[in-house]
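In structure tokens, one chain follows: the form predicted alone.
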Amino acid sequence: MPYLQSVERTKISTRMMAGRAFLIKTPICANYLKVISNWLTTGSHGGLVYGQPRLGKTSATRWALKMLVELIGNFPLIEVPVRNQNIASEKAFFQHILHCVRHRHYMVGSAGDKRDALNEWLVTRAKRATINAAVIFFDEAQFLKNEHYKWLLNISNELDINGCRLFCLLVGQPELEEVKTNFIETGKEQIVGRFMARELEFTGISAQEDLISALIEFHNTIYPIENNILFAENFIPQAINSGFKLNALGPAMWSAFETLWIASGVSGSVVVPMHYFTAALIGTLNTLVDSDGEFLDIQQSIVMDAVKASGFRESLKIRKILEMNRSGK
């Protein structure tokens, strides 16, 4: 029995780190939802969301788009993980998007046939949507090339003719901002005006109260749904049933992240990417399994070890090197 429980905890931990277990609402996500809702309901055709790696942009986008359905009703949505192509291929581009929506004919026909198939799919569903729009979420959008945007302009124009709108949500690394600047400098105002007029810089957890808020969301989450238990009960059931709450970890966890940040010499205020926060929480819970009981003793060293094991310290070393390179030191 203990072995089976250990296997289940490992599965849960793995799903969490892959972003496939459940999504939680954080203050950052709440603001993200507000921003995207404004973009979609005020007639925009696209927007940029950019930030450093490991911040949780993809998971936050999935959460925000899921919540948008409750706010504004159903709309067609395609999530497209962008492939980095040395030479942009129209046929491959539209085939990949059709594959993402599991179109039964995604392998059939020429580039034009695939574009027509995608256009039909989008128009048919956008006309039934409350906002008469279809959304394509491009993940790792910094890999999109000039030709890709031209093809998207064609699709956008075809939807306009049919009384619908295409909204492209471009999510990726900070290079996205450079792409926009380059388009402006090279006279590609049509692309910028259509898909890049709106932008949001995505950040990580930057205050102890935000970290505690995220812990509260984790604590209140039922997972797995079929077991009808709180997420943390998979690790420390006795403590949870005796009234322990995950937000009690907040001060110790924030202090650990802050200590490593200061020690690294990285400039600016502390920013904790969601990836390392989640890894630190799971690491802490896995360590506490053996000491589970009615009265759980949370030692600072346990939390610090989990934060160190999350990879946060190594990420700060890389960030420091990049800072030094940019400053020419």
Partner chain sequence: MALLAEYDQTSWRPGTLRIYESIGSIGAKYCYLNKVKPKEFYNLISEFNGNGSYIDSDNTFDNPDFDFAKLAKLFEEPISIVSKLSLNLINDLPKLYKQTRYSLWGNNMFSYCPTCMAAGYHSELHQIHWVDKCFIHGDNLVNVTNKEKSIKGFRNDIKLLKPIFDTWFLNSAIWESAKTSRWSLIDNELINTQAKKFCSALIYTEKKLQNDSILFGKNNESNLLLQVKAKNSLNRVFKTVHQNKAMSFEKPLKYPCSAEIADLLVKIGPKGIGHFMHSRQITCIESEMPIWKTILNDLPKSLLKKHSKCLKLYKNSFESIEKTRIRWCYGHEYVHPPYDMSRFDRVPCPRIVTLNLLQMLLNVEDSLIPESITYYGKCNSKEINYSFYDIGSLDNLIEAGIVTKWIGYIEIGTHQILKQYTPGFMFESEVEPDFRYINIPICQGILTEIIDQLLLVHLQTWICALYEVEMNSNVIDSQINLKNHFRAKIHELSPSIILKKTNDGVELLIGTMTSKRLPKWCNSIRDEKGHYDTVKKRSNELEVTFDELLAYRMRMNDLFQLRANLIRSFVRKRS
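Residue numbers count along the first chain shown, from 1. Bear in mind that the values here come from a model prediction, so they are computed numbers and not experimental data.
Separately, the form predicted in complex with the partner chain exists; it is not shown, and the next lines address it.
Q: Please pick out the stretch from 123-131, 208-216, 146-154, 172-180 that is in contact with the partner chain in the predicted bound form, where contact means heavy atoms within 4.5 Å.
A: Careful reading of the contacts points to 123-131.
Q: Decide whether N162 counts as a contact residue for the partner chain in the predicted bound form under a heavy atom distance cut-off of 4.5 Å.
A: Residue-level check for N162: yes, a contact with the partner chain.
Q: Using the partner position in the predicted bound form, report whether I136 sits within 4.5 Å of the partner chain, counting heavy atoms only.
A: Because no heavy atom of I136 falls inside 4.5 Å of the partner chain in the predicted bound form, the answer is no.
Q: Is there any non-hydrogen atom of D113 lying within 4.5 Å of the partner chain in the predicted bound form?
A: Output for D113 is yes: heavy atoms within 4.5 Å of the partner chain.
Q: Although the partner isn't part of this model, could you tell me whether K91 comes within 4.5 Å of the partner chain in the predicted bound form, counting any heavy atom of the residue?
A: No, K91 is distant from the partner.
Q: From the list A117, I97, L249, I191, which entry has a heavy atom within 4.5 Å of the partner chain in the predicted bound form?
A: It is A117 that has a heavy atom within 4.5 Å of the partner.
Q: Given that the partner chain is left out here, which of A197, L71, I184, V108 has a heavy atom within 4.5 Å of it in the predicted bound form?
A: By the 4.5 Å criterion, the partner-contacting residue is V108.
Q: Are there residues in 75-105 with a heavy atom within 4.5 Å of the partner chain in the predicted bound form, and which are they, in order?
A: In sequence order, H99, V101, R102, H103, R104, H105 come within 4.5 Å of the partner.
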